[in-house]
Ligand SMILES: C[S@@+](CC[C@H](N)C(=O)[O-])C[C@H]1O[C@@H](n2cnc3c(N)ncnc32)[C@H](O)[C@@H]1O
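What follows is a single chain, given as structure tokens, in the form predicted alone.
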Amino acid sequence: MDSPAVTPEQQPGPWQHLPVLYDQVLELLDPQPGGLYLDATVGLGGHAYGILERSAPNGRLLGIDADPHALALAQARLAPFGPRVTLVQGRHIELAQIAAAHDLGGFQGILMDLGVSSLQLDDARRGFSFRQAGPLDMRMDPQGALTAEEIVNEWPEQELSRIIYTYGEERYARRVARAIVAARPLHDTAELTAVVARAVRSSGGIHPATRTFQALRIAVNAELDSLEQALPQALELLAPGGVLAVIAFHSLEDRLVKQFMARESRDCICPPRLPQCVCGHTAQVERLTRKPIGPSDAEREENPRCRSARLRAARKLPAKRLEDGGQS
């Protein structure tokens, strides 16, 4: 069956709404029949479903996710597309390795949907949410070595303060770290939430524990390091004319994506003080989004968790040819 007759949100199962920025992602990627696509955070398969549907009858998709539970659900959701889909458990930093292992490259489109999913947030057993009691886990890959419990109960106060300030952008990071260390050992997310709430003044309409939980999750999963390594791999895997689209949910991720796309869209990345270019860098992409695309008011109302989503995209340029000899 090449093209299912139902849309993603109409399917039975744990997915009753469109994924974040669904229409905008598909407009930028513009899936075509026969195209090859990579969804680097396939999640529940919502974006992948749309890509496969629009690239029918013979478009193919490689889907990757660190979470085996999400991958199993995506497998069920995308089953109607049969062999057009290949799903693999893995992390962003393994994009090139996974693509090579499946003899795939020259993608017409690559999507990276960053951050934590509703599936993970809503499962108390995963420990991602401060709204319900659960273990201090926060691993996207349940086989990962580092947990939030280790960070919270074993890391030095100074290092704890650093990650809460850097990854959570929490102005009261020192106060939070001091309170956590004083309350050790902490056994679950409810205890941690209570400790942070006593240490931080609520501001801006967000829960006092929001930034601390974000910081811990980023540290547990090495999300920023992974993203920094994955972006150049994604660019290398794109075919000329292919589009890289990235959805970020907080300023740290978005800043990395913005800087990467800006740098790779310039012919020279030398410091401004140099009188002439010595870097030899050539532009690899053209930016399709000078400013990030956010959700509409209607989407925010339907799904408040998407309110901070930012979508950026760039198209890979053809390889430039040298003037002296015409070689690439």
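Residue numbers run from 1 along the displayed sequence. The model shown is predicted, which means the values in this text are computed figures rather than measured ones.
We do not show the form predicted in complex with this ligand, though everything after this point is about it.
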property: Selected contact from Ala66, Ala56, Leu288, Ile293, since only one has a non-hydrogen atom within 4.5 angstroms of this ligand in the predicted complex; result: Ala66
property: Residue among Leu136, Leu231, Leu114, Leu237 with a heavy atom within 4.5 Å of this ligand in the predicted complex; result: Leu114
property: Triplet Ala40, Ala70 and Arg91 all within 4.5 Å of this ligand in the predicted complex via a heavy atom; result: yes
property: Non-hydrogen atom contact Met140 with this ligand in the predicted complex at 4.5 angstroms; result: yes
property: Contact label in the predicted complex: Asn153 to this ligand, heavy atom within 4.5 Å; result: no
property: Non-hydrogen atom contact Gly46 with this ligand in the predicted complex at 4.5 angstroms; result: yes
property: Contact label in the predicted complex: Gln120 to this ligand, heavy atom within 4.5 Å; result: yes
property: Answer range among 91 to 99, 160 to 168, 143 to 151, 176 to 184 for contact with this ligand, defined in the predicted complex as heavy atoms within 4.5 Å; result: 91 to 99
